[in-house]
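Only one chain is shown below, in structure tokens, and it's the form predicted on its own.
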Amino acid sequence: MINAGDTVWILISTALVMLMTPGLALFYGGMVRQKNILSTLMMSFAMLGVIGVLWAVYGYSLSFGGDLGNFIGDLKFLGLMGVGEEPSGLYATSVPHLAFMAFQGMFAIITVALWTGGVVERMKFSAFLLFAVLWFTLVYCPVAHWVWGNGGWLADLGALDFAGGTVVHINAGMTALALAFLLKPRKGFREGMPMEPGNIPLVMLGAGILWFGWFGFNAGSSLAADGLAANAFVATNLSAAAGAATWMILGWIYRRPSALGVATGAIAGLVGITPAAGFVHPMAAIPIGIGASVIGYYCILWRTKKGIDESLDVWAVHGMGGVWGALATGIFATATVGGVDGLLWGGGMQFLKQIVGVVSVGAFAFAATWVLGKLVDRVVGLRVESHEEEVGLDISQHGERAYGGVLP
């Protein structure tokens, strides 16, 4: 039976998660140099179109269709065959199947958009589109099936991921790191050329939109308007708040509290709580948010020291924050919330299952990205020419300026 309240909540949550992709575009766009703002925005907005279509055509079926060898779905729902106004009977049993499909589609879109932060200011737009389609098909869809699909091997194992710690954040973070190695650093990065953010107010606006949308991301993953949704909602806010405050303090200790740092800390906290939001007591979100912020902060320092140009720290904040969140789920989970006890309550086996999920998804995403990246590089070339990078990707790839002026 369709429940009106559940249906309204899942539709609102779908809209909230959709809004996160434009929010991510602003968040990333403000962090790059002015000559690359539009190209960075374009990467996220393009995925709303490309992945939005591919999800309905075959992505949903590969992720949530009938199981093939515990690895990927079949083509049962190809072209949305059998996906209608009635509940699916497998996943969200009180809302229309179409609503569940649309909700999950927004996760697919933003996951592809997330790893663009590792390739900004130097990747060809044509290469980006080709790689995005291949990665969505051969990496995102299988991982989504492993973790959330009926028959997926990690789902059968019992690895927990409430709203995307492994499927979204570890997946995107490890992909961004692999692409950063393949593309190599931006011109002048290792020589100390200034690469200051072009528009920090844009970053703050994007972070605010992401925080707002994340309530749909996490609380919507309850798939019902119930107490579990409320638990995830409160835990989400507490972790974001703890992450923002922690990053601000760390910045103050080492130098000065920065607006960019507070925004990044909030995102780190949101990443950390994502897999745990429906399995932990809301107060556990505070140490989870603190941990995500600390880990992200020091991972950025480490990769900078090593000269790794993973431009907007997708690996540090999303990848490693997702690793921490998945492991923290195995530590803080309590049966009183999500029906499973973590390490603190005697669930040592659950913690081991979380490790399996982290390692398998992280290794698969990195390795598959490396192979696909090499393939795309051979076909069309991954990186723009030196003079195109010099003038900026806004002009060289899209023929536009963000702030007016005459095109050369």
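No experiment lies behind these values; they were computed from the predicted model shown. In case it trips you up, residue 1 is the first one in the sequence shown, and so on.
From this point on, the text means the form predicted in complex with another copy of the chain, which you will not see here.
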Checklist entry - Which listed residue (Leu182, Leu138, Ile331, Leu205) meets the criterion of a heavy atom within 4.5 Å of another copy of the chain in the predicted complex? => result Leu205
Checklist entry - Which one of Phe215, Trp148, Tyr91, Trp153 is close to another copy of the chain in the predicted complex, taking close to mean a heavy atom within 4.5 Å? => result Phe215
Checklist entry - Does at least one non-hydrogen atom of Gly52 fall within 4.5 angstroms of another copy of the chain in the predicted complex? => result yes
Item to check | in the predicted complex, Gly198 touching another copy of the chain (heavy atom, 4.5 Å) | outcome: yes
Next on the checklist: So in the predicted complex, is another copy of the chain close enough to Glu385 to count as touching (4.5 Å, heavy atoms)?
Outcome noted: no
Next on the checklist: So, Asn231 and another copy of the chain: in the predicted complex, are they within 4.5 Å at any heavy atom pair?
Outcome noted: yes
Checklist entry - Looking at 68 to 76, 158 to 166, 259 to 267, 319 to 327, which lies within 4.5 angstroms of another copy of the chain in the predicted complex, counting heavy atoms? => result 259 to 267
Next on the checklist: For a quick test of understanding: in the predicted complex, does each of Asp6, Leu80 and Pro96 have a heavy atom within 4.5 Å of another copy of the chain?
Outcome noted: yes
Checklist entry - So which bits of 3 to 35 sit within 4.5 Å of another copy of the chain in the predicted complex, heavy atoms only? => result Asn3, Ala4, Gly5, Asp6, Thr7, Val8, Trp9, Leu11, Ile12, Thr14, Ala15, Leu16, Met18, Leu19, Pro22, Leu26, Gln34
